[in-house]
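A single chain comes next, written as C-alpha cells; it is the form predicted alone.
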C-alpha cells in the first residue's frame, strides 16, 4: 500500500481540518453554544461526509476507510461535538445487509461497548447503548438478531437517557424491554465476515479520532508551555516539560502510523486480516491517547482539570474512544487468541 494521500485525500484533509477548526469549540463554554453546534452539524451534513459509507450502487461504499478516517481525525483534533462515527458505522452496517440506511440512526452496543448488541425476540432484554447519536429527537439504533448462521437487522427506538464522561458525543441508553422494529428491504443476512469487516471500520474510526485528539491537545499544550511562566521564564524551556512533550509527539506519530494500515485494509484485505490490523492500531492508539492527554493535563497544572481549560475535554473524549469497540486490553486479548492460539491469557 502507498501511505501517501492522493491529491483528493490531501484536499479532503485540508478541508476537514479547516471546517472543524473554524466551527469546533475553542473553550469549554463553547460546547453549550447551540448556534455553533447547529452550524457545525449542518456543515458536516452538507459536505456529504455522513454518506461516505453508503452504497455506491454496486454494494461497495462510496468512499474508502481512508477517507472516513481522515474526517474522524479532523473532528477529533477539534473535539468537534457532531455525530460522525455513529451514523457512519450505522450506514456501513446497513449497506452490508443490503438495506437503505435510516437517517439519524446509529448502532446499539452492549453495555461493555465491545460489539453491536445481539438480541432475541421482539424486544431488548438488556440495556442498549447508542453512541454518537444526535442530541435532538428520539434514539434509533440498529441491533443484531440471530437468524441461522447469520444476523438480520432490527431497529430499537426510544427516548433513552444520556450519560457518559464525554462532553462532545452523546451516549444514550435504551432500557431493557425496548421494542424492536424490522428493517425493511434487508436483502441479505450479515455473516461473521461482514461483522469482522464492520468491526475493523469501528476500530479505524475510533483510532483515527484518538490520533486527532492527541494532535489537538498537544497543539494546545505546546502553545501553553510557550506562554506560561514560572520563575520569570516560560515552562517550555524546562527540560522536564520538553521531555514530556517530545515523548507525547512520538506517541502521536506512532499511533498515526499504526492507524493508516487498517484504514486501507478494511476495503482491500480479507476481513480477518484487516481486523487484526485494526486491533493492533486500536491497542496502540488507546494507550497513547491516555498518556498524551494526561500529559497535557499535567503540563497545564491545576488549571488542566477546570472549566477554564479545554484539555480535559480531549481526555474525556479519548476515554470513550478508547473503550468503544474495546480498549487496549480487549484488543490484546483478541490478538492473543487469533495469533497465538491463547484462550485465557498467557501462562
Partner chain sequence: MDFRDSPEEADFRKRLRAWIADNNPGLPASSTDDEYWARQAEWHTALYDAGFFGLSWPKRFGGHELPTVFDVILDDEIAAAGAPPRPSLGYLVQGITTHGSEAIQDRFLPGLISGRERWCQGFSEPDAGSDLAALRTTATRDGDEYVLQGHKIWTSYSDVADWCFLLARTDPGVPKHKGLSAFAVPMAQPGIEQYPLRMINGITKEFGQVVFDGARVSAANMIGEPGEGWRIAMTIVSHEREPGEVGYVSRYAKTVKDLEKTLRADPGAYRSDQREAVAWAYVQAEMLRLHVRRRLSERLDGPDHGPGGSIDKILMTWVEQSVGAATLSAAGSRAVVDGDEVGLKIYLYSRAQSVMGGTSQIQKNIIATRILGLPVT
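If you're wondering where the values come from, they're calculated on a predicted model, not measured in any experiment. Positions refer to the first chain, counted from 1.
Just so it is clear, the following notes concern the form predicted in complex with its partner chain, a form of the same protein that is not shown.
Legend entry - Per-stretch contact check against its partner chain in the predicted complex, the hit in 48-56, 279-287, 313-321, 29-37 (non-hydrogen atom, 4.5 angstroms): Of the options, only 279-287 has residues within 4.5 Å of the partner.
Legend entry - Position in contact with its partner chain when the complex is considered in the predicted complex, options 254, 115, 98, 182, heavy atoms within 4.5 Å: The residue from 254, 115, 98, 182 that makes the contact is 254.
Inset, instruction - Report the residue, out of 159, 193, 125, 268, that has at least one non-hydrogen atom within 4.5 angstroms of its partner chain in the predicted complex. - result: The residue in contact is 268.
Legend entry - Partner proximity in the predicted complex: residue 9 to its partner chain, non-hydrogen atom cutoff 4.5 Å: Residue 9: contacts its partner chain in the predicted complex.
Inset, instruction - Would you please decide whether residue 151 lies within 4.5 angstroms of its partner chain in the predicted complex, comparing each non-hydrogen atom pair? - result: Contact with its partner chain, no.
Inset, instruction - Give a yes or no for residue 83: in the predicted complex, does one of its heavy atoms lie within 4.5 Å of a heavy atom belonging to its partner chain? - result: Because no heavy atom of residue 83 falls inside 4.5 Å of its partner chain in the predicted complex, the answer is no.
Legend entry - Touches its partner chain in the predicted complex: residue 264 (any heavy atom, 4.5 Å): It does: once its partner chain is placed as it appears in the predicted complex, residue 264 has a heavy atom within 4.5 Å of it.
Inset, instruction - Tell me whether 42, 62 and 139, taken together, all sit within 4.5 Å of its partner chain in the predicted complex, counting heavy atoms only. - result: No, the whole trio is out of contact, none within 4.5 Å by any heavy atom.
Legend entry - Within 4.5 Å of its partner chain in the predicted complex: residues from 119-134 (heavy atom criterion): The stretch does not touch the partner at all.
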